[in-house]
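Given next are two forms of a protein chain, the same chain in both, each as structure tokens and marked structure 1 or structure 2.
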Structure 1
């Protein structure tokens, strides 16, 4: 069974009476262990595709199937619940909560988990992402690479089946970029899937499953 399937997705933005075609009849599918890279320059529709895949932006036409369920046929509440349980998001800008420390930023993703299990899960991720010395630090006290690792830990907290990564290495140096890609590869190998957006030709060429927009 596919984890994610996009069928003939199209999206046009209307700005100042001008139609901007962002996506035209894009189709792709991700099954367990897939790592698919979407590569292209700024403005080519990469982020639009990711938002549509995550149930955050309705396409003009086409279907988004998450584990064979039509994502956009769900009610707003059910769609939000499904997204929280099944999808993890990782962004270039991290979007950490500035007044929460590392542990609480990770815990902010918790959904329907008992209090004791939440803490155990968060501490497990702190160790996995090598953040034990930073657990009580705030985002402003972290390096760029550490902030992205916190964002990754938050993204996988609920044990999603799919990660949607929007330029997650865009603000990182080569070493930290390699670390992030390595973590995401590990996530996919465990039977999950990753849809990874990048403008970097170098990163895209390292993967067999890549789509150029």
Structure 2
């Protein structure tokens, strides 16, 4: 069973003056343990693809199947519930909540769902991403790399089936990029799927499943 399947997705942004064709007939599928890298230059539609895959942006045509169910046929409530349970996002801009410290930001992923042993899991992630001495810091007090790691910790907090990561290593040094990449690889190995977006050909070359947009 595919965790995620995109069937000939097209998306055009319609602005008053010009229409921007962001995606044209994209198809791909992710099975458990798949780790797929999408590489492309800036503005080629990588983020657009992730938003569509995550149920946040309706494509003009094509289908998005999440565990074989048509994602966009779900009601808005069901869609956000599914998103909370099955998908973890890492956004390019992180979108950490400014008034929550590191720990609370990670815990904020549990707002939409019911989760047990919340705090231990959050602390476990803090430790794994080397943020132990930043637990009580607010996003504004963190370096960009630290923020990126908090965003990743938050994305994996709910143990999703699928991670949609938009440039998760974009701001990290080699060591931290390695921590993130290996964590995601480990995550995929457990039977989940990762869709990893990067503009860097260097990073993309390190993976065997790559799609060039």
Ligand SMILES: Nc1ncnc2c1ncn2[C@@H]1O[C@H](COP(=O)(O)OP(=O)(O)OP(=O)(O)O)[C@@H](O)[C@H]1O
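Positions refer to the first chain, counted from 1. Just so we're on the same page, rigid core means the largest C-alpha set that superposes within 1.5 Å between forms. Fair warning: this is a prediction, and the values are worked out from it, not measured in the lab.
Structure 2, not structure 1, is the form predicted together with the named molecule. Comparing the forms between structure 1 and structure 2, the C-alpha position of residue 125 differs by 2 angstroms or more, with the core used for superposition.
The rigid-core alignment places the CA of residue 75 less than 2 Å apart between structure 1 and structure 2.
11 degrees is the angle through which the smaller rigid part turns against the larger between structure 1 and structure 2, based on C-alpha superpositions.
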